[in-house]
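One chain follows as C-alpha cells, the form predicted alone.
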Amino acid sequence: MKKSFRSWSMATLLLAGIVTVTACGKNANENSSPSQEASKKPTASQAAVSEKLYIPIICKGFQHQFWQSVKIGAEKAASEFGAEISFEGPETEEQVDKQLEMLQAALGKKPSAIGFAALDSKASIPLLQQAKDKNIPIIAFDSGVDSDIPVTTASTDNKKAAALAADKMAELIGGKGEIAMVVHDQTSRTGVDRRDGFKEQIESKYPEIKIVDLQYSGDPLKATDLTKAILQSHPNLKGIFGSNEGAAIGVANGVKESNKTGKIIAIGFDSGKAQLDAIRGGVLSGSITQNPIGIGYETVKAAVAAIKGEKVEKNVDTGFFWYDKNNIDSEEIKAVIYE
C-alpha cells in the first residue's frame, strides 16, 4: 500500500511538473515584451554587416614600398565608408599572368566592386568585360587600361608628372647634353605615360638635349646593371631618369657603383627609404612623388559611390610633387612620401 501511494504521489508530481513547464513555456511566448521580440530580429548593425560591401583591391605587387602606402589609404576609406576590402597583388610587377589569376579569383567571389591597377593595359580587358557584364564596377587605380570599362581611374597624371621631371633634368644639366632613361616597363599605363611624358617634353622643349639610351626594368638589381652599362657606353652622359621606385633605386645604385656620384644628374620617381637616402646623400638630385595614400583612398571612395549609383568622375587626379634635399623635410612633402 505504501509502495502504491508513493507511486501515485510521484506520478502526480511529474504530471504537475509537465503542466507547469508547458504553461510557463506558453506564457513566455504569449507574454514576450516588445523589446524581447525586437531582440529576435537582426539589429541595424547586424543588417549592416550582412549587407557590407566587399571590394577586392588588386595592386601591381609588393615589390615596392609604394603599395603599402596605397593600402593604408584604401583601408582608411574602407573604414570611413563601411566597406570590407582585401588588398592583394603578385610578388613582383612582372607577373602579369599571376595578377590576371587574382582578378579571375576576385570575380568568382561576387564582389560589390573591384579596384584594379593593371600590369598590362590590354591583357586584363576580357576579364574586365566579364565584370561589366555582371554589373560589377571596376575602379582602375595607379594604372589605367586601354578600355572605357573602368568607371573611373584614380591616379597621378603621369605624363604631366614625367614632363616636370624632364624640366628639372633640363634645368639641372644646363639645358643641353646627353641623357638616358630607365623605364620600369612598356606594358603598363604608368610605364608608357611616364616614358612618353618625359621623352616628349625633352624633344619638344629642349632641342639641345639628346636622349641617347632608353632601357626597361623596374627591378632594382636589373636597373642597376642597366645603368652601369649605359654609363659605360655613353661617357659624355650628363643625366639619367628612373621612372619608378625600382628603376630609380637601380639608377642611384648604378651611378654610385660607377663612381659617378656628383658627376651625373640622376632623377627618380616615387619615394621609399632607399630613394630618400639617395637624395639626402646627393646620389639622386630629386624625384617626383605621387600621393599613394590618396590613390588608395580615392579608389575605395569611388568604388563605394559607383556601387550606390552615384556620379563618379571619369578620372580622379591624385596629384604629384617634385622634391629634393631642399624640401624633403617640409610638411607638404612629408605628407606624400613614404619609407
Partner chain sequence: MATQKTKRYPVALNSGILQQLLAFGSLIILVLVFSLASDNFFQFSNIVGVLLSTAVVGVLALGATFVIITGGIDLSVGTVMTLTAVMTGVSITYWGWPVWAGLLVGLATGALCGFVSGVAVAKMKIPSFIATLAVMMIAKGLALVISGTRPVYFPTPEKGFKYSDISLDSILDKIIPGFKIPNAVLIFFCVAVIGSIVLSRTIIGRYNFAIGSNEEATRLSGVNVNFWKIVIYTITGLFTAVAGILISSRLNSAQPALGMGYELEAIAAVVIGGTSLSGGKGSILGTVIGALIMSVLTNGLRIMSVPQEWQTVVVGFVIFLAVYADILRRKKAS
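From a predicted model like this one, the values you see are computed outputs, not experimental measurements. Numbering follows the first chain given and starts at 1.
One more form of this protein, predicted in complex with its partner chain, exists but is not displayed; see below.
Since the chain is shown here on its own, which stretch among 125-133, 78-86, 169-177, 227-235 would lie within 4.5 Å of its partner chain in the predicted complex, judged by heavy atoms? It is 227-235 that comes within 4.5 Å of the partner.
Contact check in the predicted complex: Q65, T92 and K222 versus its partner chain, with a cutoff of 4.5 Å between any heavy atoms. Do all three pass? Checked in the predicted complex: all three residues contact its partner chain.
In the predicted complex, does S204 come within 4.5 Å of its partner chain, counting heavy atoms only? No - in the predicted complex, heavy atoms of S204 and its partner chain never come within 4.5 Å of each other.
Does I307 make contact with its partner chain in the predicted complex, using a 4.5 Å heavy atom cut-off? I307 lies outside the contact set for its partner chain.
Indicate whether its partner chain has at least one heavy atom within 4.5 Å of a heavy atom of R280 in the predicted complex. The answer is no: R280 has no heavy atom within 4.5 Å of its partner chain.
Quick one: is A274 in contact with its partner chain in the predicted complex, heavy atoms, 4.5 Å cut-off? Yes.
Quick check on this chain: which one of S112, S121, T152, N253 has a heavy atom within 4.5 Å of its partner chain in the predicted complex? So the residue touching its partner chain in the predicted complex, by this definition, is N253.
Of E257, E200, D97, D157, the one that lies within 4.5 Å of its partner chain in the predicted complex (heavy atoms): That would be E257.
Which residues, if any, of 300-339 lie within 4.5 Å of its partner chain in the predicted complex when only heavy atoms count? Going through 300-339 in order - heavy atoms within 4.5 Å of its partner chain in the predicted complex - there is one hit, E339.
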